[in-house]
Every structure is written in structure tokens, then in C-alpha cells.
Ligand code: AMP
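Shown below, as C-alpha cells, is a lone chain in the form predicted alone; questions about how it binds or moves come after it.
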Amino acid sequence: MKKIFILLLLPILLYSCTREKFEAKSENRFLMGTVCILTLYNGESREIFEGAFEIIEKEDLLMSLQKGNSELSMINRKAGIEAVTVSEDTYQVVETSIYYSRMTDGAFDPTIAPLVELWGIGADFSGRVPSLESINSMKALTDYRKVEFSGTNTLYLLEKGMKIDLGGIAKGYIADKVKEYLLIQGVERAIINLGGNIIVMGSKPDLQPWKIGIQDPFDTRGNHIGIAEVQDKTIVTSGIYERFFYEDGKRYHHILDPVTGYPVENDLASVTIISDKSIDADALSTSLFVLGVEKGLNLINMMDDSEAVFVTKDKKVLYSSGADEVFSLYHKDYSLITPDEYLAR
């Protein structure tokens, strides 16, 4: 009788231990102008949370366009004057951003900062349509080919008035740094959410993939068009729904075209990238949005370990070559369309 009791009790004990071991703990901070949420499983001590948030604060202090004492601000102040030696982190992010500029023929251009500041979308004020003259003036300062790399971790902007904005890539780099730190601390399962730049570490405690919803660009935050089932991946979305304003009845969103100087005008409402590294997903989501469906698909289908989900303004959804293996569309108002069908319209 005693033996039977022990056998019956054993599953209960194992279940209790498992629940305690994999209990999720979350903390959030307002950093980088957004809400950063860390959810950790097994290894979620106070020190680990603090260490992760310290990394975010430190990196933001290096690469923030808004902080006057950041390394990025120093680079911008010295434009056309002298080269600036920066940390390895800042140098690496600028170098990677120029890599994507070259890859996309300037669709992704970190020197777009003068145009971003001119439009003011999402800043302390709600934005306004600048004059054509001022747009052309700022366009003349937007040219990734005028960023010079010289010496060890040394950068130089060739013209006065040039500025770099790392808003389209820095969060991805910082998310990757947080993941690297958590792995060193022994954390195997976690969700890192830096204002929509999401990394999932490992699998769920039940060894199943994480289920991450992709935002409906025409609905309020938290309403999804479908689910990505992933493990050890990052998911980043760029779209027209986050920051925008209306003027004279027209809607202007925050993703600017470096060529025209105006918000991108194409068929897209959003682009979601599913990749191994968040720095790549961050840059690619903006790049593909600016490039549009046809050029964007051509680019993403040449890349290893990255997939894309395109959502058009008429609620059609297109996949890159392998996206259907990880993403499932379930929203009844949206429908799948193949690239050939899209191009034939």
C-alpha cells in the first residue's frame, strides 16, 4: 500500500516542480522611447533583470539621436568638421546600416536623419508636411555614400549638416545584445520585446514553438492577422500604423523614402521579418517596406535564415519562399496571394 501511494504521489511532485521551475517572470521599463518587456523562464533572478535593462540603457546612451551626449550625436555634430572615434558597438551598428544601404541601393539609408527631423512624425509634436524647398534641401544631405570609415572605430560624415539616425536598426542590435547576455547568465527560455522588436529564446517550457501574433495594420494594437510559430528566432514588423498624422485629409506615416523625401507610397501596409538576428530583421523590415513587394521579395528570397510576410493595403498577404512553414494566416478579412498573382494584377 505504501508503495502504491508513493507511485501516485510522484507525478504530482514532478508536475509541481516543473511548474515552479518554468514559472514566467516579467519586468518592464520605459527605455529608448518605448516599453521594453523581458519575460524570463528559469534563471529569472533580480540581478539578471537589472543586468539586461542596464545593457539597454547603456547602448541607448551610445546610439540615441535624441540624447545630446550620445556618441551618435557627437558624430552628427562633427559632420563636415572631423572624424570621431566611437565604441565598437556604435561603429558596428553604423557599419551594418551602411551594408544594408549598399544592398538596397539606398532604400535603407541611416543618413536620412535630417528628413526625419524635418517631418517630425512621432516626435514631441505630431508632424507636418514640409515645403518642397526644405525637403529638397534635406535630401541633399541624405547620402549613405558620404559616410567614411577610417582607422579603428572612426567615422566621418563628409558634409556639414549630415546626420545619422539609427532608429531603423539599433533596437535590433540591442535586442541581440540582451539575448547574448541572457545566454551567458544561463537563461534558456525567454521573450525579449523592445517596443515590438521581439526575440524568442529556445522553445516554450512544454518544448513547443512560441506563438507570436503579427499585428493587424488596420486594427488596434494586440489584434492579429495570424500567428508565427517559432523558436530561437526574432520577429520585427514595419508598417504604416505606428506613427502618422493627417493634413488636409491625407494620412502621412513615418517611414520615409530617401529618394523622394516623402513617406513611402506603395501598396504595402506592413512587412514582418522572421530571422535569426534582430539587427538583420530590423534593417530588413524597413528596407523591404521601402522597396515594395516585387523588389522586396527578390531581396528576401536571396537571403538565408530570413523570411518575410507582406501585407498590402487591400488586405492581401504574400509570403517569401519559406514563410508558410512558420506563419499561419487566420484573419477572415485577409487572403493569401502568390507573387505571380500579385504581379499579374
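Heads up: residue numbers just count along the shown sequence, starting at 1. These figures come from a predicted structure and were not determined experimentally.
Not pictured, yet referred to below: the form predicted in complex with the ligand.
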Assert contact residue (the ligand, in the predicted bound form, non-hydrogen atom within 4.5 Å, options 242, 176, 216, 71) equals 242
The one option of 63, 290, 308, 311 with any heavy atom within 4.5 Å of the ligand in the predicted bound form is 290
Is it the case that residue 107, even though its partner is missing from this view, gets within 4.5 Å of the ligand in the predicted bound form, heavy atoms only?
yes
Please determine whether residue 238 contacts the ligand in the predicted bound form, using a 4.5 Å cut-off between heavy atoms.
yes
Even though the ligand is not shown here, does residue 84 get within 4.5 Å of it in the predicted bound form, heavy atoms only?
no
Taking the shortest heavy atom distance, is residue 286 within 4.5 Å of the ligand in the predicted bound form?
yes
Which of 180-188, 154-162, 107-115, 207-215 lies within 4.5 Å of the ligand in the predicted bound form, heavy atoms considered? The stretch 107-115
Counting heavy atoms only and using a 4.5 Å cut-off, do 121, 168 and 256 all touch the ligand in the predicted bound form?
yes
